[in-house]
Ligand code: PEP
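Take a look at this single chain in structure tokens; it is the form predicted on its own.
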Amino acid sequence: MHVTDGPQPMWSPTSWRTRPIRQTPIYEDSEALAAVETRLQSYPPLVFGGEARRLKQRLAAASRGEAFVLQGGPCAESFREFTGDIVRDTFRVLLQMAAVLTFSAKVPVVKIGRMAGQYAKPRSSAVEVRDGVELPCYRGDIINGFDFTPESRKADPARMETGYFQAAGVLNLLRAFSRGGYANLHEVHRWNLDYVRRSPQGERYEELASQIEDTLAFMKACGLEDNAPQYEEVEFFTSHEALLLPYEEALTRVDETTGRYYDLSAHFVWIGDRTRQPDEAHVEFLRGVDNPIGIKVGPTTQIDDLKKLLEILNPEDEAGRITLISRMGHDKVRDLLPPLLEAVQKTGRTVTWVCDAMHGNTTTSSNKYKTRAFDHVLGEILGFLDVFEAAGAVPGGIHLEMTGHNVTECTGGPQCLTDADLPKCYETLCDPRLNAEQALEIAFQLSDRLKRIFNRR
């Protein structure tokens, strides 16, 4: 796939540099940028091509209704949150959610973290103005700093190197958690966070954990070994938006097994709503790497452009290659999604549809905090499922911005957070995240619906 015949020009890891590009920082020191890129090219890959191929198989299963995708993590990872506790807590909330969804739907849940690389963020404006002072906008820790000073907001290529080493550290910890016994189903009660355990969601989860333990005990009594890898380990994949192309290019390598190029910064990378122009740089880069890739599909998505993207990015119609991530908003999803779904169905192409219920539901609170309402997040997911049930199509999964920390960034949910609660623990540097109780409540709210959807297939 890294060499394309026919109407598409030849591809290389650098061919994106000949195309128009959006959402890119301006680095004043080109020599420093080149030096960082050269060093990154010499560093070991963060993931392996075989892992990305395995994820592609799992996503193909989700496109057929044989699995369900759970993708979650922070909106933008912060260098200052590079701690074991934060990684662990987000990981175990995803494990809890997956346990709830698996027990209900009776299909495997594909677990993907927005982790170990989600350091860059697209912005609606290139500048930010405060009290009459204009500075470059904050684009994520891998590009510049959050502090509103000229020094902090300057794009610094050295941050890419910091991002690489932090991603390596997070990945190392995630591999340890997923394969070192922490994710063992016999430890299912331990996944409950202390502050969640005291909540109604914690009580419901403990009941489910007890049912899982009873099931495991029954299987052992029937002669099945309780130390099988399926009990002791979980597959956990990483993802981020492929936004900062110098970083992505530097970590793109030829896979020795297949001879194909992979972006080995993550297993799954996606194109955002602001960078999916068919003839521009981000699409050009991703058409040549063999990872499974996502495409954000929003209210401005045109059917003809979407069809063109599917042709460019998946000319062989490989199952699991393309995940379409719908982000419409709770009040628009039932109107805007059906025409796009129908158009894709008519092409006959295989895609996996996932609902991003966060990005279309961002508002500003009465006290000037960027927030999201829990009911709107849940409402978009339910609307997404309604659309797919009406069309007789397979819903592939959900995509959430969330954390295991007890933040107060989204209103509503089981804690009934209001605008007045937002300042108590508002820590995000970019978009608001669901906390663990809110995220787990999403899983419980979906459980009966998914049981109905998957049990009749």
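Residue positions are given as counts along the sequence shown, with the first one as 1. The shown structure was predicted, so the numbers you read here are calculated from the model rather than taken from an experiment.
As for the form predicted in complex with this ligand, it is not shown, yet the points below apply to it.
- Across the options 166-174, 256-264, 120-128, 92-100, residues that bring heavy atoms within 4.5 Å of this ligand in the predicted bound form belong to 120-128.
- This chain is drawn without this ligand; in the predicted bound form, the residue among Arg159, Lys111, Arg114, Arg139 with a heavy atom within 4.5 Å of it is Arg114.
- Only one of Lys332, Arg153, Arg349, Arg274 comes within 4.5 Å of this ligand in the predicted bound form through a heavy atom, and that residue is Arg274.
- Every member of the trio Glu241, Arg327 and His359 reaches this ligand in the predicted bound form with some non-hydrogen atom inside 4.5 Å.
- Using a 4.5 angstroms threshold between heavy atoms, Trp270 counts as touching this ligand in the predicted bound form.
- Interface residue remark: Arg287 is not counted as part of the site for this ligand in the predicted bound form, having no heavy atom within 4.5 Å.
- Under a 4.5 angstroms non-hydrogen atom cutoff, this ligand in the predicted bound form lacks His282 among its neighbouring residues.
- Residue contact check for Cys75: one or more of its heavy atoms lie within 4.5 Å of this ligand in the predicted bound form.
- Taking a 4.5 Å heavy atom cutoff to this ligand in the predicted bound form, the one contacting residue in 292-316 is Lys296.
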